[in-house]
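There is one chain below, alone, in structure tokens, taken in the form predicted on its own.
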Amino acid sequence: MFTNTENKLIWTNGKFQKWNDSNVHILSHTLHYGTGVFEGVRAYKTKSGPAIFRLEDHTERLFNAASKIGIRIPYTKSELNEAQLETLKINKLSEGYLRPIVYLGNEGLGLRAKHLSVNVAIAAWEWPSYMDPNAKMNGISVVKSSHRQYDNPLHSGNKIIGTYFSNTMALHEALDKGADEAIMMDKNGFISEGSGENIFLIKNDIIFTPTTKHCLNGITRQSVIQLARNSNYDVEEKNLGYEDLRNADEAFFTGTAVEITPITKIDDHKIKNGKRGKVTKKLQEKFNKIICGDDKTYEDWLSLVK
């Protein structure tokens, strides 16, 4: 739930407006057809002040996704990077979550969206633990979803607004079954991802993760692959089946919201001993140092608010 919204401001088309005054017309093309893109971005408290994690990479992905569905964002990448930093600053947040979103206007309705306005907004707010606060230590439970990940790589590989209904249904199905998250399969029956997270598993100290043919190439995913390899772990991207996860020594999710969160149970089966594994713990510790600005090797991943 959002809190303290009466004092928050949202950047919209170059200007700040009060949180409660922000609105979208009922005939916005994006509301009806889902034609738009978004990003999920995290900011962290560091000794040098608030810093946004991999800001330029998130903005680059926003522009790439927009171009793939024919939307030309009316701002430069630099302008939106600065707008995100300013949104964090004006809301006096030392850490939190940012949501840039690109959506089409209400000048007309129908599938023809060639001459509609392109709008951009950025909101920021406090971000408590996405799951149980103890999940990063104790792990979470997942279930195999009956909802399949998208067949079209355009949908699964980009953060396009209208393509997330299957993810929502998969998560709701998992919650209804008493689990914390879902595991979605691709059209070939291989593991794709969670409802909003990438997945990794570990066997004999080798780290495995699905290819990006049918899942988002998450920025946290990319970060974990890089820091794992730099820590002398072998990382293999390959097709993974349900039994690979059941028989893994360890497993974890990655994502902007969950960061690195262990998976300790799938359906009615414990993964190994049902506890967070040693490799997962080491990667968590490394990642935490990076996002807090305590690891100078990766300091270019942080954009400080000035």
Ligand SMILES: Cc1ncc(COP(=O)(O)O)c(C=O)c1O
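Numbering starts at 1 and runs along the sequence shown. For clarity, every value in this text was computed on a predicted model and none was experimentally measured.
One more form of this protein exists, namely the form predicted in complex with the named molecule; it is left out here, but the text below deals with it.
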Legend entry - Complete contact of Ser129, His172 and Thr261 with the named molecule in the predicted complex (any heavy atom, 4.5 Å): no
Inset, instruction - Pick the stretch from 84 to 92, 110 to 118, 132 to 140, 188 to 196 whose residues have a heavy atom within 4.5 Å of the named molecule in the predicted complex. - result: 188 to 196
Inset, instruction - Please check if Thr254 has a heavy atom lying within 4.5 Å of any heavy atom of the named molecule in the predicted complex. - result: yes
Inset, instruction - Classify Gly218 as contacting or not contacting the named molecule in the predicted complex by the rule of any non-hydrogen atom within 4.5 angstroms, answering yes or no. - result: yes
Legend entry - Non-hydrogen atom contact Gln149 with the named molecule in the predicted complex at 4.5 angstroms: yes
Inset, instruction - May I ask you to check whether Tyr75 falls inside a 4.5 Å heavy atom distance of the named molecule in the predicted complex? - result: no
Legend entry - Neighbours of the named molecule in the predicted complex among 58 to 77 [non-hydrogen atom within 4.5 angstroms]: His58, Arg61
